[in-house]
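Just the one chain here, the form predicted on its own, laid out as structure tokens.
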């Protein structure tokens, strides 16, 4: 079947023609179809059975251009293949923490998956000040399981290399290399920032020490193929309710540095923290919600580190290419193995700080901001959050080698916002 764009009129016939989907809805079902994609890349359709709303699915189609820009910016449709492949791996290693995959159409670049009708994109309820007490447990499990089980600490060498070959993802990696690590820090036509923080933007772009460290993190992003990372994991890529958390939209997935995913999650939570200086005028309500955010950040890292190490201890394989078990079979080997695990976790923490720091900066001066901040209508109030984000980002990046616990990163947030309380 040659490619054609799906729409509300033709998607019914498309479903009936797909063998994997043809029997999903009863033949006489009345279907309610709506396009809900609000991201930067794709079109997303929700198809619901009006008589039985639980009988629903989502179809996501990749068109041959970047949606946020338009047809003038061509973009590979192979991103849909990478997303479908990543969903398979996420469901394999972190079951229940990603949507179920029903079908992938290679010719139409269309993915059919579970509809999470009782969930919402996490970013918007967080702007409203909604707390999610199970989130830290859920997202730390997703991170620990997807990163450990796709790394050399679990897989044999051939297994890792074969899996890595399925996730080259050259074009979307190039987007991140440009839009996260390069273009925001030089003159580039797509950059966008609040004129009230122009002094901060220009200071970043002219700081040689800072730009050296951004270059180092770009090197890490491009060359440290540690595990299969989501590579776009933020509160806009998480659907949630009070009981359940699902990670969606892994179309950027490739083998990269583990700290990138962890840093992306923590950095997005800090951006939400900053947004409440404008979104939550009441000081007591704001302090309460911001305290929950910082507690959540602490819990995510600490639980991730504990779960990652426990997975490693419980699942270490004799054929692991990176230090097989008999490598540690000597007097004192058990202690040495524990020290090695802690060294690896410390490395992930440093990379969490470094990549998270760069992502703070790119959100404030690159092509795409973040809705938590951009939804602040008053540019002066928005500048308060943006200026703090730039300061925190610079410090997370520049001080990453002296970070020894998550409280060091939280301390930077508190130090850079103490005058705003």
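Because the structure is predicted, anything quoted here is derived from the model rather than measured. Residue numbers count along the first chain shown, from 1.
Below: the form predicted together with another copy of the chain, not depicted.
- Using a 4.5 angstroms heavy atom cutoff to another copy of the chain in the predicted complex, none of 313, 349 and 359 count as contacting.
- In plain terms, the part of the chain that comes close to another copy of the chain in the predicted complex, with a heavy atom within 4.5 Å, is 146-154 out of 146-154, 269-277, 84-92, 283-291.
- A single residue from the set 234, 79, 246, 160 has any heavy atom within 4.5 angstroms of another copy of the chain in the predicted complex; that residue is 160.
- Checking 131, 128, 174, 317 against another copy of the chain in the predicted complex, a heavy atom within 4.5 Å turns up for just one residue: 174.
- In the predicted complex, another copy of the chain sits within 4.5 Å of a heavy atom of residue 218.
- Another copy of the chain is not shown here, but in the predicted complex it comes within 4.5 Å of a heavy atom of residue 322.
- None of the heavy atoms of residue 124 is located within 4.5 Å of another copy of the chain in the predicted complex.
- Using a 4.5 Å cutoff between non-hydrogen atoms, residue 206 counts as a contact of another copy of the chain in the predicted complex.
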